[in-house]
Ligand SMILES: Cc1cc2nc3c(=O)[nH]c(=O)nc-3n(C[C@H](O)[C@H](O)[C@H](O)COP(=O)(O)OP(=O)(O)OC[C@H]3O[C@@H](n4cnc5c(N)ncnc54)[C@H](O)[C@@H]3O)c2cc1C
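Below you will find one chain, with nothing else, as structure tokens; this is the form predicted on its own, and questions on how it binds or moves follow later.
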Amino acid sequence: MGARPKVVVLGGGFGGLEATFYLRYKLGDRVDLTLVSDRDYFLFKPNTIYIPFGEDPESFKVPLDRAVKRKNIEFIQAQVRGVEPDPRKVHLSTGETNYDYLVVATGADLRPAEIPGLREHAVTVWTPEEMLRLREAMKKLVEEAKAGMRRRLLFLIPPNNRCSGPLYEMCLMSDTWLRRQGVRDLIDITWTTYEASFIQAFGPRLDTVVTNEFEERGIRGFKGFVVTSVEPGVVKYQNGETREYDLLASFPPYIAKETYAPLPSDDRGFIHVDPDSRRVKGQASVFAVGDAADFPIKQAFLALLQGDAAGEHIAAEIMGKAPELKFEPMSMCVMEEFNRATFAQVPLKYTDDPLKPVAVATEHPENYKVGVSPMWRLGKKLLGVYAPWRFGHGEPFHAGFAWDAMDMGLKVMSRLMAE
């Protein structure tokens, strides 16, 4: 290692940017930082759920040029071609770069082809482009309903998707939006999921909330429906049942966006790491965070916590100190519904069950909080401003006075409006 160690971070999403900016925040000029991303902006993906209902996709993009210049971070816009842990080299579409420490944060992708017919007949939700397709499909649905035609809107969660929260949001938002369009009575909304409970990984409280929301809104929800195939106008399930649709919206199975042959991974390409530090198994100088790593739930807030943990362990080694924090999985999210929102803070733990690899950490019930209120829409909006503002200035999400103030506000709101 040279006089100033070089840390290379692959990926410009939540995990990658948090690790990068945390390292600069923690180490100052004692480290050289290089950020590699295939795009020159950060996409605030949690708020892309608003695109189908009229928001401009460009409004969720945060340019990275000012942030990296401000923090003296080398930025390389390129595709990752491969990683060589020995001799610590990364191959890019633009050339090669060496590192002393490497953080892999290249995210996840979706594989609709796992379900026959899903790619051809469903509108999926992952990229802004797909969200725009859903916008057009929703407009058509409304036009047909206004012309007096009864229509069926079906939301589908297939196996191998363990973070379906955004689709739940869009289902509930659709109900409110269609009511405001004056056509809800002519559009039947149905939800089917392979899970045994709604938002299964987040425990019984979220299942109860979603069940109540569906009942109040007249949404038919079905659990334990494992899709086997999709055909024009009809979805078939393992239990022999079928559901008809005019518009099918689905969140397909997850896979890793990039795979790295030298790094240990599961059959979906997610990299195996030490839970506490996010250090890749068997690799002293390589870490993996966010959707690229093997934590089963893929979520922005969890990616931030992983970025912090990796950054902290790298910084501690460089400074010759013991790390001050580790990755403790705590999900926090606000589910938009347009007329109100649902807040959830869920402490999680690993299990030994491959079908349910994480569960609610019931030994910490004081941290398990859920609340439904119109006021939580304000919390959603605040987070939508705070995160892009922090990253746009090259600052980590969880650090400094700004985070202390945000954290205090969320705690006060959860104390008043969640149980």
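When you see a residue number, it is the position in the sequence shown, counting from 1. Note that the structure is a prediction, hence the values are computed from the model and not measured.
Unshown form predicted together with this ligand; subsequent notes refer to it.
Here the chain stands by itself, but in the model of the complex one stretch of 208-216, 78-86, 310-318, 221-229, 78-86, has heavy atoms within 4.5 Å of this ligand.
In the model of the complex, none of the heavy atoms of Leu263 sits within 4.5 Å of a heavy atom of this ligand. In the model of the complex, this ligand sits beyond 4.5 Å of every heavy atom of Phe155. Though the partner is left out of this view, Phe14 does reach within 4.5 Å of this ligand in the model of the complex, counting heavy atoms only. Interface membership of Tyr237, defined by any non-hydrogen atom within 4.5 Å of this ligand in the model of the complex, is ruled out.
Across the proposed site, Gln200, Glu337 and Thr342 without exception lack any heavy atom within 4.5 Å of this ligand in the model of the complex. A heavy atom within 4.5 Å of this ligand in the model of the complex is found for one listed residue only; from Ser174, Gln283, Thr192, Gln299, this is Gln299. Proximity to this ligand in the model of the complex, taken as a non-hydrogen atom within 4.5 angstroms, holds for one residue of Leu118, Met138, Met131, Ile187, which is Met131. Looking at 173-200, no residue comes within 4.5 Å of this ligand in the model of the complex, counting any heavy atom.
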